[in-house]
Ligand code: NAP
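Have a look below at one chain only, the form predicted on its own, in structure tokens format.
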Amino acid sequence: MTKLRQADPLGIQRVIQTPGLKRSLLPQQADALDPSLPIAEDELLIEVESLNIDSASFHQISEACGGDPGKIEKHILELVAKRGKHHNPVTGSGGMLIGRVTQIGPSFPLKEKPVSVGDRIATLVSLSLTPLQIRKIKKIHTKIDRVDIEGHAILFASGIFAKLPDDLPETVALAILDVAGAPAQTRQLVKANQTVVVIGGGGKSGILCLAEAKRKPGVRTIAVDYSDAAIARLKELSFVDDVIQADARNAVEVMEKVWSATRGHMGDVVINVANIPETEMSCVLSCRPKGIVYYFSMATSFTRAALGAEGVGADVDLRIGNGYTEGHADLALNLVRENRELKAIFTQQYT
């Protein structure tokens, strides 16, 4: 019987240390990870079926490859072979995966995280810290940022996951779980009778945030997006009060349109889920003094946001999104289950 590695809940032993560096790195910080077997005593081994690459990362990769699926495949294979994880060096982000549990280390915390061999799960930690080895890419779904593969991944004892639900198609569940932190954080941030502006409101994160915000009494929701298709869809949704078509990189244009829509009140909470960079200042300028700007987008630059707000004298509360909130998976899945419009959109787009 193969001897397992020693338990290491944070996965530090998987880090391939940078030569000359005199400090230990966590897996997310590291340039490269070791995804080889055997697993550690407290790890899960997952036979991977699909990678759901985060929107900002997939958008960047697709642009760099000219949208060519063959070049995208080559890019992903080379990236994962080099780094032992799917960690985009440009965006700093990864995504998540679905697969089947094939081995459970004897010290994995099953009481807190019950799981059995054979269970199909979605990881709720980023691919940027998940040891991954790809044997073959089977198909790339460019419209929904998904890559079907053959390969294995390793989940640390500290990692979180969700069992795939039986009542939703797996591709739909994966799309929801991929951004589950956004509506969960929205529930915590938004208060009754506030005005909520969502930059990038036409994407899957955006519509979930808008729907969750609208659950609070008296909330007014404003969606900002650029494409004609996104605008047309947003205008049909009952939980969206106002729709603004604008390029979120044009901060002044967005500010002026939000000013007009709110008659100068601006947003009490502004949520950024855009998948492109340089959208930070449209959020800052769309927020009222003492309001909250929440950056969930992985394309966000903290430097641009912080220095930009300082530069225009904006006294707003800047917050960086945390993809994990306790109970976020169930919250997001239930939000879609209970909202016919959301369920129709996710079913149509991701089935």
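Source: prediction; values computed, not measured. Numbers for residues come from their place in the sequence shown, where the first is 1.
We do not show the form predicted in complex with the ligand, though everything after this point is about it.
When you look in the predicted bound form, the only residue of G308, G291, P35, G321 with a non-hydrogen atom within 4.5 Å of the ligand is G321. The contact with the ligand in the predicted bound form, taken as any heavy atom within 4.5 Å, belongs to A246 out of M255, I160, A246, A261.
Residue contact with the ligand in the predicted bound form: N193 places no heavy atom within 4.5 Å of it.
Shown alone here, G99 lies farther than 4.5 Å from the ligand in the predicted bound form, counting heavy atoms only. The shortest heavy atom separation between S55 and the ligand in the predicted bound form is within 4.5 Å. Although the partner is absent here, V273 is a contact residue: one of its heavy atoms lies within 4.5 angstroms of the ligand in the predicted bound form.
You can rule out all but one of 150 to 158, 171 to 179, 215 to 223, 261 to 269: in the predicted bound form, only 171 to 179 has residues with a heavy atom within 4.5 Å of the ligand.
In the predicted bound form, no residue of 7 to 23 lies within 4.5 Å of the ligand by any heavy atom.
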